[in-house]
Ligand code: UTP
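As structure tokens, one chain now follows by itself in the form predicted on its own.
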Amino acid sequence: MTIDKVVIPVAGLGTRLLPATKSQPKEMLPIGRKPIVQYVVEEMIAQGLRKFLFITGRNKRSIEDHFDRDPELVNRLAEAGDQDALDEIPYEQEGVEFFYTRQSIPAGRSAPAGLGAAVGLAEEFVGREPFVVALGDTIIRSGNHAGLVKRMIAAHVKHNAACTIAVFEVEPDQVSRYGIVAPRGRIGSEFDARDVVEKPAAADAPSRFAIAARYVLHPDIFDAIRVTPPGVHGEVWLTDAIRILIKQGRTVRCVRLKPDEVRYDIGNPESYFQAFVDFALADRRYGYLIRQYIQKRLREI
């Protein structure tokens, strides 16, 4: 089975990163020399995905502009022999397609209606094919092994799963920030979920395995979304729709991040600063200069 479609929800308001997000999407904030969402797209391309649907919202037009084809820019860079710059825009390559739909804010609400509602808008794009969901504000850096999404797709197909979730362990005081998985049976690099809970209190959490913003989903998820009642903050959560699949007896598989896979959830100023520093230090052209600068500044403090 070939899975080549990915849905990237980018409709969130990004209020925790104000004022930087007042006039631009959170997903377009730079991390090093690229916007956040470009890292997500490059990760998906590296995993063999070629058809992208962005679930956008108000004031998100710059995402469309960023991924729009720019033949004039490509020709100018090619004529100048600037291969490094061309390598920084790999989404310009042939065979990658971008589509967009908008998640409008419902009447009576001040924010979009949740991740489940956002994914539900992808039904026509997906058809009856399994697909990947990758949150546009979360970067995952993999090591030298097979990429996370490739492992997830392999597990999804092998176990005929309705849903496959990437998970990682968090500290007890962090479980209330995430959807948390209750494992079934032996816990290894993969395992089945017997339940998933959205943002539980630490005392009620069934484990410390948090959902890591990457999913492989069977299109049956759309039926589950349709019958999912609003949850926390009146939003339709994807976690609650996945829980319905589990209650129906469907297989929900979990794939753990490997020790050298790092997840960056760009959700607040602290996580944004940390991600920027890490990617700046890793930059192949400027990283050593940034490292020298930081060392100098730390000595001066």
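A residue's number is simply how far along the shown sequence it sits, counting from 1. Being a predicted model, the structure only gives us computed values, none of them experimental.
The same protein also exists as the form predicted in complex with this ligand; that form is not shown, yet it is the one meant from here on.
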(request) Choose one stretch from 134-142, 154-162, 223-231, 180-188: the one whose residues place a heavy atom within 4.5 angstroms of this ligand in the predicted bound form. (result) 134-142
(request) Report yes if any heavy atom of residue 96 sits within 4.5 Å of a heavy atom of this ligand in the predicted bound form; otherwise report no. (result) no
(request) Evaluate residue 280 for contact with this ligand in the predicted bound form, applying a 4.5 angstroms cut-off between non-hydrogen atoms, and reply yes or no. (result) no
(message) Does any part of residue 113 reach within 4.5 Å of this ligand in the predicted bound form? Heavy atoms only, please.
(response) yes
(message) Just checking whether residue 166 would be counted as a contact of this ligand in the predicted bound form - the rule being heavy atoms within 4.5 angstroms.
(response) no
(request) Could you list the residues in 14-42 that come within 4.5 Å of this ligand in the predicted bound form, counting only heavy atoms and keeping sequence order? (result) 14, 15, 16, 26, 27
